[in-house]
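Presented as structure tokens, the chain that follows is alone, the form predicted alone.
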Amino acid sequence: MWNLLQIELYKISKRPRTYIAFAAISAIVFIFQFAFKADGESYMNLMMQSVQDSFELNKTKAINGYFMCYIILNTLLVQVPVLVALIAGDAISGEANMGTLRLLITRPVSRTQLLMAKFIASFVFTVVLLLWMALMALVLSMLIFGVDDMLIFRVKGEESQIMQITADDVLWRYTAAFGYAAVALTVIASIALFLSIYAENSIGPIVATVCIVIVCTVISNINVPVIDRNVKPWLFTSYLVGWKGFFYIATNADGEPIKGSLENWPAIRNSLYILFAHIGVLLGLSTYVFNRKDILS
């Protein structure tokens, strides 16, 4: 199994599209960092226009590395599923397209082992991609903008809220958020891997995965009671942004933030359970289909 995994990781490292994903993340992060370094105060004025009369803020200190990473993640973690699909969608279909899939299953390893090696390799790629994002969006932003207390702008119901998290209470939240994102993006990898079994070229699974994400995201953002009750709870896209929950801090009776707390940990935990369930079901289906597939290429 270890040898299979090493081979799959080597294949991923040799594909040009692998490095396109890292380059795309770097470019987006640089654009955000340049824009905020040049004129971040305009963005802060826009975000705070409804509370400027009642809330005084040193905007220079507010635009720090922690704040920048949060803004970047809000944008990037919507786009990263496409980058994950580029790799996972090629796992089986790429072999079929090159005519090597039939050769692979003649080796003394089971189809289940081969599929799991490809899944784990896709997961490793996802984690490495997130680590690169953390390096670029968090570490580099901390070096450029420094660190200070972190502000979170949030719309809750019909109210706009500003929450402040002290600088010494932030890093563990980012660690947890990136861990959550790894689970959420693994669902995308599982979908792409499953679709990859049915195709003999990579374009189909990649495009289909992106379309599924787009359609499900649209449904998750439609505020219709019947959909809210019967559809949204079953969609993985309803939980992709659950990482934000690690930055929603609980308050005491006086409305003061409680250091080290989470506003709604049960909701985050349940979201993780549902995402893990999606991964388990998709892997189970993938194994069932792949073991019974007639491989002619």
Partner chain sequence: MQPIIEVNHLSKHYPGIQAVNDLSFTVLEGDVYGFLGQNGAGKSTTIRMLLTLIRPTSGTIRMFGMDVHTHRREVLSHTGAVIERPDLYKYLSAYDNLNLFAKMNGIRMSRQLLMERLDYVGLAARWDSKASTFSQGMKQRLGIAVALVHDPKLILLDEPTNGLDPQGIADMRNLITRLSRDMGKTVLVSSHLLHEIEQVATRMIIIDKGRKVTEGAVAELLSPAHTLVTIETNNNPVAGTLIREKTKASVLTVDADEIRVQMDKSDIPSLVSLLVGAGINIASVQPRHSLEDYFLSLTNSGKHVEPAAD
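Positions refer to the first chain, counted from 1. Source: prediction; values computed, not measured.
Below, we refer to the form predicted in complex with the partner chain, which is not included among the displayed structures.
Proximity to the partner chain in the model of the complex holds for none of V210, V215 and H278, with the criterion being a heavy atom within 4.5 Å. In plain terms, the part of the chain that comes close to the partner chain in the model of the complex, with a heavy atom within 4.5 Å, is 110-118 out of 124-132, 138-146, 181-189, 110-118.
For the options L103, V82, I203, L171, the residue carrying a heavy atom within 4.5 angstroms of the partner chain in the model of the complex is L103.
Though the partner is left out of this view, Y10 does reach within 4.5 Å of the partner chain in the model of the complex, counting heavy atoms only. In the model of the complex, the partner chain sits within 4.5 Å of a heavy atom of M98. Applying a 4.5 Å heavy atom cutoff to the partner chain in the model of the complex picks out no residue from 186-209.
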